[in-house]
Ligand SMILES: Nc1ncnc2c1ncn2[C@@H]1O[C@H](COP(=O)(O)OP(=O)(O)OP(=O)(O)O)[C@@H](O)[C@H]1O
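Single chain ahead, written as structure tokens, the form predicted alone.
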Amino acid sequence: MKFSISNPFTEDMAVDLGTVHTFIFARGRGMVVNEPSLVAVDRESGEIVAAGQEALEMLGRSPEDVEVAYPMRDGVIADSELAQRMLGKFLRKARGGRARFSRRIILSVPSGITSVEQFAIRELVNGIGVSRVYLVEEGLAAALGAGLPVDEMRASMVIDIGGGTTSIAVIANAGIVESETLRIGGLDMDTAITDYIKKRHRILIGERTAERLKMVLGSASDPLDDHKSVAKGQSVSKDGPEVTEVSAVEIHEAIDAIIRQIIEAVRQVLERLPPEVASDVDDGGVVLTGGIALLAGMDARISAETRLKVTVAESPRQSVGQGLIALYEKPLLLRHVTRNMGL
């Protein structure tokens, strides 16, 4: 059977199943799912009572008999059963009640993923009725989605900073010349903010408050304007809630160590490049993708530290998914990039 957008019974999908967020694209329809990678589970029955945005609304406010969990961690499966059920719900939403199913799915994975982790992801997707699964490295998908010429001889560099992983990849001739994957990302910044405020202000804040402070006050470089925001939480030293003001300087101080780790990894990749490839990167610069690409000053900080031109992709959070769905229109490239993973 030929699979195409005109087939009324099947639909090709691309899935960016991230630690923090899941994007699903349908061939011919574009992005059809944009949901947090979260599930709310009844502790007694094990049933999923909410997924995605509904589960996020329950984070930090769920009843005692409901646990809100991330089925993915560091870009790989943390709980296979929950991940499978969550993805199943998202795919049903992606189909929008249409009388069709997905026989082919392209799914992104971190560079350097082990064969065991690859097998786990394949089993997860096969378990929801998908017969053909293509795994593509995040860095290459992000580069393609950001508009980089991945199938040319001239090398391109992309840094994809997501919720659970940071993928640094240099790509030429549809292959990854050099790469590095750090299992750190936006969630680690949230944790660092939570720890900082607990230590400095003696207040326990929730994950959603930490993320809000990161987006409102966070900066990769020293903030020029030390603006402030209110944080509400539970007092460490006394019973009951407490409110404090947190400054942009404090949030920068909290997350700076993580930013330094990312930049050091970028430097190490650059140092390992052959001279010709390094010259290409020096000429073409770096494209920044992923949710943390939107952190204030992230592009300028990397540029200052590496002396390379750094630009942010047009839709940085969706670059991986856009790159994956584009591969359906490039069957030879899809075959090549999956073969390069040993699949």
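Heads up: residue numbers just count along the shown sequence, starting at 1. Here the structure is a predicted model, which is why all the values come from computation and not from measurement.
If you look for the form predicted in complex with this ligand, you will not find it shown, but the lines that follow are about it.
Judged against this ligand in the predicted bound form with a 4.5 angstroms heavy atom cut-off, the residues 141, 323 and 327 are out of contact without exception. Residue contact check for residue 291: one or more of its heavy atoms lie within 4.5 Å of this ligand in the predicted bound form. Although the partner is absent here, residue 68 sits far enough away that none of its heavy atoms falls within 4.5 Å of this ligand in the predicted bound form.
Contact check for residue 201: every heavy atom lies farther than 4.5 Å from this ligand in the predicted bound form. Proximity of residue 187 to this ligand in the predicted bound form: non-hydrogen atoms within 4.5 Å are present. Among the residues 125, 106, 146, 161, the one placing a heavy atom within 4.5 Å of this ligand in the predicted bound form is 161.
Figure note: of the listed segments 206 to 214, 234 to 242, 258 to 266, 128 to 136, the one touching this ligand in the predicted bound form, with heavy atoms no more than 4.5 Å away, is 206 to 214. Heavy atoms closer than or equal to 4.5 Å to this ligand in the predicted bound form belong, across 51 to 67, to no residue whatsoever.
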